[in-house]
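The chain below stands alone and is given as C-alpha cells, in the form predicted alone.
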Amino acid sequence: MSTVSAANAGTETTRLPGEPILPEARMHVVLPTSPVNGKVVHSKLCTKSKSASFVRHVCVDVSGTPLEGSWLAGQSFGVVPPGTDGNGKPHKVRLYSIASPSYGEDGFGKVLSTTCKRLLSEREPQTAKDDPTDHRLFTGMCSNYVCDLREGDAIPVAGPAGKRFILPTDRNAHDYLLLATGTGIAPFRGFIHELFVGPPEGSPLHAAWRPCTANVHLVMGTPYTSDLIYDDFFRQVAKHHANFTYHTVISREVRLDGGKGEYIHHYMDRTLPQFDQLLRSERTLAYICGLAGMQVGVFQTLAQRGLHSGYLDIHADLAGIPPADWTAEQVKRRVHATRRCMLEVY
C-alpha cells in the first residue's frame, strides 16, 4: 500500500496528557538510490473469491541486508522496480506499508510483508493533450510488478520510512481506535499481531512477550464483504481476546438489520455509545489509515459529537462553520491531527 504521512510530529518537550511516548524508529537504513535485493518467499491472494480487487500478501526475505531487524510495525518500505519510465529515467521508489510485526513474519526480523493491490483501470484524460477516446486498460506499473513476482524472485527494496505511525513504547498505557479502509489495513495487521499474537516459539522475543491488556477497537471499511482483507485473522484474534473488538463496515451492501450500506464515519455515528467513552478517555490513541479523504468524514463526526478534543487541532477560521459543512479542502488545510491521532492516507 503506497502511503503519505499526514501526522503532526510536534516536540517531546510539550507533551500533553495522554500523548504517547514513541520508540525511536530507524529511518532510511537503505536508500532508494542504492536498494538491496530481498527475495520473495511467499505471495498469496488475500481477498475472497468474489472480490473485484486483487490484493496479495507478499512476504520478502531481507536477511543479510541492513533492513534485517530494522523496522517497526506501521512503518513503510520502498520498492524500486527495475527498468525505466517513459522518459528513459530509472523508476522512482514506491512506498508500501509493512504488514508484519516488528519481529517479522518469522519471529527473527528477517521476513517483512506488505499488502499490495493491483492497479487496474481504464485510461482517463489527465491533461488537454490526452485523447478522450483512448480508454485502453491502464495497469499500475509497480503494484503489478510486485504482485507478479514468484517465490524465489529478487526484489529491490529500501527503507524503512515513517516515525509517527507506530505503537507507543508502553502499549498498555493506552487504549486504541484503529480505522482502516482497503489496503490501509496493512499496518494494523502488524499492530494486532504484536499486541495479541506475539512472536512464534523459537523467536528470541517469545519468552518475554505478553498480550496487551488495553482495549483495542479495529474498524475496517470496504465496498463489499468479499473485499475484507485478513478478515479470518482478525476474527480469530477477537475470538480469543475479549479486549479486542473487530468491526466491519460495508458501504455497498445492505446491512443485516436492513439498513443501507455506510462508511466508517456513518458507522461510528450510528453506533456511538460503543465509542463514546473510548474517545473521551485521555488514554486513547486514534490511528487512521486508508484512502485520501477518509479523514474528512471521521473528523467531521468527531467534531459534531464533541469528541475531537485531544485528537484534532481546528483552526479558528472554522469556528463559525458547522462541521457538517466543512469542505474537504477546509479539513485538509484547517483541521490537523494531534499527537494522539496518527494519520496515513494515500
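Residues carry their position along the shown sequence, with the first being 1. What you see is a predicted model; the values in this text were computed from it and never measured.
The following text describes the form predicted in complex with flavin-adenine dinucleotide, which does not appear among the structures shown.
- Under a 4.5 angstroms non-hydrogen atom cutoff, flavin-adenine dinucleotide in the predicted complex lacks P211 among its neighbouring residues.
- At a distance threshold of 4.5 angstroms between non-hydrogen atoms, H247 is out of contact with flavin-adenine dinucleotide in the predicted complex.
- Not displayed here, flavin-adenine dinucleotide is approached by C142 to within 4.5 Å at the level of heavy atoms in the predicted complex.
- When contacts are judged by a 4.5 Å heavy atom cut-off, Y96 counts as touching flavin-adenine dinucleotide in the predicted complex.
- From the list 236 to 244, 195 to 203, 166 to 174, 122 to 130, the contact stretch for flavin-adenine dinucleotide in the predicted complex under a 4.5 Å heavy atom rule is 122 to 130.
- Proximity to flavin-adenine dinucleotide in the predicted complex, defined as a heavy atom within 4.5 Å, singles out one entry of C116, M268, A73, V157, which is C116.
- Along 174 to 192, a non-hydrogen atom within 4.5 Å of flavin-adenine dinucleotide in the predicted complex is carried by T183, A186, in order along the sequence.
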